[in-house]
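Below you'll find only one chain, the form predicted alone, shown as structure tokens.
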């Protein structure tokens, strides 16, 4: 099921005594019903859910979680019988209760586009209080493709907003002082100096969760990249490395997520969009030779799931995690997967040597021309997380909910394509 983690934890791992849910909380139970903080199997959780609107659904999902072969997702027939939306809501509630159900006061730096849009919704759905800090240039809330008016209305009514400029360090500190945020998700941070005012304003911060990048790794002949691999101090993502170093030095519990290439609905980076534009136009797809360069794409909803998995997770404190898809793919393979996802014929792929061309400041291809992929084993093992989307399924989701509707972020630019195709003597026949 899209947007959900692929597995359920088998037990509630906290050793704290069982306590009652906070009155009035999103996941509070009927009077007299305890909320489980103690160690218990999901098979025992149903007693806790008595009186809840969806208790019968949660109970059945809890029992499914005890069966390893069914743990990744409730069976399709079961989903259809009780309704996918109901299953999704029950799973969110199950997760919240299994982790103690404690509502957190969360600040997201960013949150009005792509990653933040999906992350904020998951956090709100889990019962947390979410506040977005943005410059206010874009609407605070935006309806997601495929999201119902009712779902959007509920989300919009719950999310809060602080308008400001994070580059105005004094102003940022002033706006955050006294707010009592327990958790910070920093989605758009680029430099370590941007983080210090936040830490100064929130001395009681419980966790700082940072969106870094796999682009920090030093280019290597030995792949996949592991979290312990050497990093490149000259990387264009050097600021993200500095941020990780700063967080470690401050003593605050922190977690850093390093995605590779992110794709999915509302992607503002030209990853899948670049391929879909050429497929839509019926054009050949120029790919740096030999087209067998191996890389890795991860769906934004899987990334959002990973961000939620590290929340208040002591295993994740002081840790870095690579997050992306479960399989690697060649450049040619991406073109073919995009074609399959969009229902296009097998694409005509044209290979060229980038050294034979001078494109100036223009990029002729959206991905770095090298092998570039990571191991996600650490996240799978320590966070009980796994990507839900296969590449074709994820690209299909992106195409159907976004790019297939013609909602491209930028107008297609085929100027570099034309230079390549002309030099190679390849004729371009645009589909009618």
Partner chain sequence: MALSQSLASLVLIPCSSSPSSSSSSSSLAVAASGQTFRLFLRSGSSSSSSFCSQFCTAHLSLFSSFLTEQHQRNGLRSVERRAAGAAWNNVVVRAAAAAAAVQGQGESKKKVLIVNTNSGGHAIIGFWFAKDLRAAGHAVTILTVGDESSDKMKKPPFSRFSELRDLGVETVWGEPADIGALGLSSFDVVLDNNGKTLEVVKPVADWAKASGAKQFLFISSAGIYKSTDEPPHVEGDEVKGDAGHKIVEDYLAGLGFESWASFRPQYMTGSGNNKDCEEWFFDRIVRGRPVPIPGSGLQVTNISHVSDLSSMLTLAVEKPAAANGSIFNAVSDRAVTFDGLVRLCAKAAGKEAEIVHYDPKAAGVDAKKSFPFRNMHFYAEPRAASTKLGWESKTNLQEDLKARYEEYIAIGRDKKDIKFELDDKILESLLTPVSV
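It should be emphasised that the depicted structure is a prediction, and the values quoted were computed from it without experimental measurement. Residue numbers count along the first chain shown, from 1.
Another form exists, predicted in complex with its partner chain; not displayed. Remarks below refer to it.
Proximity to its partner chain in the predicted complex, defined as a heavy atom within 4.5 Å, holds among 170, 358, 221, 150 only for 221.
Proximity to its partner chain in the predicted complex, defined as a heavy atom within 4.5 Å, singles out one entry of 301, 225, 278, 240, which is 225. Stretch-level contact analysis of 104-112, 293-301, 127-135, 186-194 against its partner chain in the predicted complex, using heavy atoms and a 4.5 Å limit, identifies 293-301. For the three residues 333, 336 and 371, a heavy atom within 4.5 Å of its partner chain turns up in the predicted complex in every case. The closest non-hydrogen atom of residue 155 lies beyond 4.5 Å of its partner chain in the predicted complex. A residue is said to contact a partner when one of its heavy atoms sits within 4.5 Å of a partner heavy atom; residue 244 fails this definition for its partner chain in the predicted complex, lying far away.
Using a 4.5 angstroms threshold between heavy atoms, residue 229 counts as touching its partner chain in the predicted complex. Remark: residue 391 counts among the residues lining its partner chain in the predicted complex, judged by a heavy atom distance of 4.5 Å or less.
For the stretch 105-129, the set of residues having any non-hydrogen atom within 4.5 angstroms of its partner chain in the predicted complex is empty.
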